[in-house]
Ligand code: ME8
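In structure tokens, the next block holds one chain alone, the form predicted alone.
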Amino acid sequence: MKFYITTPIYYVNDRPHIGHIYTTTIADIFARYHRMLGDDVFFLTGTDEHATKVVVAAAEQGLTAQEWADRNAAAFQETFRKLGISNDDFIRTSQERHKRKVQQYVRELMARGDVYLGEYEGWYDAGQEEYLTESKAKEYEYKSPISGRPLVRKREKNYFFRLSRYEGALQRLLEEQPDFVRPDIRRNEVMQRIAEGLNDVPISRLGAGEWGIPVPGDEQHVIYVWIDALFNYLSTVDTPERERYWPADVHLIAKDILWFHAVIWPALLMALGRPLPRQVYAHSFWIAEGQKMSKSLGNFVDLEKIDGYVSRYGLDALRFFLASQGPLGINDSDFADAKFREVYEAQLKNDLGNLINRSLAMLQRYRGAVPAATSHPLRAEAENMVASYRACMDGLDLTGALRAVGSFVTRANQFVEESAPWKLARETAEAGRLDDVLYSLAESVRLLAVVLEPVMPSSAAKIRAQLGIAQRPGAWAETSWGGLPVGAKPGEVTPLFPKVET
């Protein structure tokens, strides 16, 4: 099977921060999981470059828009490389391959009568480069719901997309395919807003020769950044070599851009006669120490802070924290230093790390190699964990998947105390029982390496090395109990998650 997952493409008006890193890391985890299943995976991320704010920021730096975009796009690429992100492509909207496709799609929309020239007057959010309806502008007290800055009353000629034409089709889509938008609360928000009625939306602005993609056949107009950006998901795979990946399986986004992805994007695809993505998943936000993140408050988790966490705790610890504590559901999540340390100490160092360390240390001390077993006391619990993990991962419930893993780690640690291998080792008559215990613990450790590989690939490789088994990426077939070869000799056993000084 194929699996195509995307992140939003990120504005190049600034460097990467925790929001970008979170979404991209979660997408990376699901991409790695599906590769483990043997799926044909395509994982896309990239940068959104044609915003007016890019021109403004570039001018403040004494640079052209292209120079500024090049600099910040490179920062995103380098950050993702350092963080081990396994994306298959990195799309930039200033690339010719994208611009050609966007103009092609707009021509098609014009030919179908879904794009027309008209005049618009309304409340404009300059930061988001979008218009708000009168009712929405009033609801937000004529301020941007994102930046809080005053909206601007504008009147200009634009090319419009006939969004109103697709109101009924969008309602049917959300009613007949409830998983198209998740979580459920986000779908309900979208349905309520559609029920209020859809107006046609402007998709261009006057600006001959400005930074952006000209409207085909009328270069006095530049295509708005938001429609330009949405087309990246299609333009990247709309080639003979990649066409098998469309439609996308998951668009992973933050909740603030839900409207574009859950309403305008599927309507554009309907107008083009293209298959729709299977799901739009909108996660919530990170906050810091109980407050909204803000540069002015000094609580913004930027690249320097991210680098600090990686330096102190390791990249896998950061990935685990984001995956297990992040706002994938409907609630915002707190990125607090004390919470990060607590998760590292309790879940990684004391629970998972301790289980692996003492299981393999006892295997090495008492047998020197994996023994044969006649009984498998942890098998049922391990198989239940694997089944729960897969069901959760298939449903994009990463938190639930890691909860299942954590519960099994707790049970395995309890089993160590109950079986007391150090006592069995002193009794010759208990040799068979000791073999069963040591095999079950070692096999449990092996299974943990497999299921944790998408989240903590480096740690999974270290577990394999300590087990003395092949250093290859895990495959789902390896989650069957009994895969640990008898006679395998453990390597050097060292703590995976060492103590971090305060």
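Model, not experiment: these values are computed from the prediction. One rule holds for the numbers: they count along the sequence shown, beginning at 1.
Below: the form predicted together with this ligand, not depicted.
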**OP:** Name the stretch: of 187-195, 246-254, 350-358, 144-152, exactly one has residues whose heavy atoms fall within 4.5 Å of this ligand in the model of the complex.
**Re:** 246-254
Subject >> Contacting member of 267, 373, 230, 402, with respect to this ligand in the model of the complex [4.5 Å, heavy atom] >> reply: 230
**OP:** Note which of 224, 105, 124, 286 lies within 4.5 Å of this ligand in the model of the complex, where distance is taken over heavy atoms; exactly one does.
**Re:** 286
Original post:
Contact between residue 319 and this ligand in the model of the complex at 4.5 Å, heavy atoms?
Top reply: no
**OP:** With heavy atoms only and a cut-off of 4.5 Å, decide whether residue 25 touches this ligand in the model of the complex.
**Re:** no
Original post:
residue 48: heavy atom within 4.5 Å of this ligand in the model of the complex?
Top reply: yes
Original post:
Looking at the partner-bound form in the model of the complex, is residue 369 within 4.5 Å of this ligand by any heavy atom?
Top reply: no
